[in-house]
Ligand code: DOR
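Only one chain is shown below, in structure tokens, and it's the form predicted alone.
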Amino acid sequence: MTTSSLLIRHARILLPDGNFLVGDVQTQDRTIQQVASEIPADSLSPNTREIDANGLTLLPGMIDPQVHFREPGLEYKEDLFTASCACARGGITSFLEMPNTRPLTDNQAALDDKLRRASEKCLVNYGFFIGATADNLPELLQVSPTPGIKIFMGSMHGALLIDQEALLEKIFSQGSRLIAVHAEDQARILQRRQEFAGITDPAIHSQIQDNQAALLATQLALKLSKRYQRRLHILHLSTAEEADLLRQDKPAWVTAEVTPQHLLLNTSAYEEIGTLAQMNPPLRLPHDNEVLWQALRDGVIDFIATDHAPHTLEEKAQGYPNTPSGMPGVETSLPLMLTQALQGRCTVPQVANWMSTAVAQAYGIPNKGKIAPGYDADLVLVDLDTYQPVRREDLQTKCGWSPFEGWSLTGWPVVTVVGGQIAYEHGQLHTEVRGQALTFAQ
């Protein structure tokens, strides 16, 4: 349901200073116009749609800065429409998508194709990374618009694998665009695959791609970033060792993220859900969970991303090591984190900062991440009083499963607003709504 003007009444509004105001928010077209304790109805245009948000909490729309939505080329797993429906249900109003589609997003034509597809299909706002290969440096310097360059340092095959230091240095040394790294050491992974060959227990995945493989790659990326003072973002940080490294030595131009999976799941999940727990980088030990939480609270880790990477249940049932790594996450990330906030592990304002405000700041996305006049009307109303389980039949993601199935969570979105349009409300998607391409002022 599209509308040019919205009035959200009686909400518990998260203000930019981290405090809450019980009051009203009015939007016009795609922009927030007023935030006040009460906005008189007679001051609004006659076609204003009113939403009674009594008892609900209003947060800025979430931004998921690392997803794999599989289109083009792998639409049987997910596509831009189904993934954006899942985003809207999860309170995510913008996403940044990775380049390992078919064909790869490694040139302007491929980027333009994704932008066209998204404009036709996506209920939420969108941006797409450009992928680094051994021979596309000119494209990396010129393509636009993009949040940055994605480098797979390990756990990848084909043209997107960049595991030689000389080639990495060539990319780091030219240009100023943000570089986001999947930091795992490919040589160590290959060596340990041989060492543990023949083992079919999926839990061995966390030993093959162990903490040391992650640390070695993060150390290398950090070294090159410092050498050239190059803006670096470390994707899905997963180990205590990496968090400790950044705590000791993190330049101002370096940021890092963590997934809800690496905060809330660990190697015990293999016993419970088998290959559904398999992802890259892998799940770690409970000690890693705790160190990552502390690093997030302390600001050593800057924000949260899901690494939403869906595969079909049939693919996940093939048996390790023939099973693909990855799990969906956009629908559950916000309620997972808000549930942790209500359990005292963090606060609701911290969750909104980690999942919205800090992401917009890190990627230079203008007018996102705050509820204030002049900001984009990307908003999510959540219910912090009601607990509901994660159920397979409720999921919008095409893959149709979640590693958190059965978990009882609060903070589920009730209404999601994208650019002043209601994309999701009370269990119903408004599939005619369309987001917009994000811009990046780095």
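All residue numbers are counted from 1 along the displayed sequence. Everything numeric here is computed off the predicted structure, so don't read it as measured data.
In what follows, reference is made to the form predicted in complex with the named molecule, a form of this protein that is not presented.
None of H236, R284, K370, K114 but one reaches within 4.5 angstroms of the named molecule in the model of the complex through a heavy atom, and that residue is H236.
For the residues E257, D307, D106, E78, the 4.5 Å heavy atom test against the named molecule in the model of the complex is passed only by D307.
The named molecule is not drawn, but in the model of the complex it has no heavy atom within 4.5 Å of P321. The closest non-hydrogen atom of R89 lies beyond 4.5 Å of the named molecule in the model of the complex. The named molecule is not shown here, and in the model of the complex it never comes within 4.5 Å of any heavy atom of Q186. Not displayed here, the named molecule is approached by F152 to within 4.5 Å at the level of heavy atoms in the model of the complex. You can rule out all but one of 167-175, 287-295, 139-147, 68-76: in the model of the complex, only 68-76 has residues with a heavy atom within 4.5 Å of the named molecule. Residues M279, N280 are the ones in 268-288 with at least one heavy atom within 4.5 Å of the named molecule in the model of the complex, listed in sequence order.
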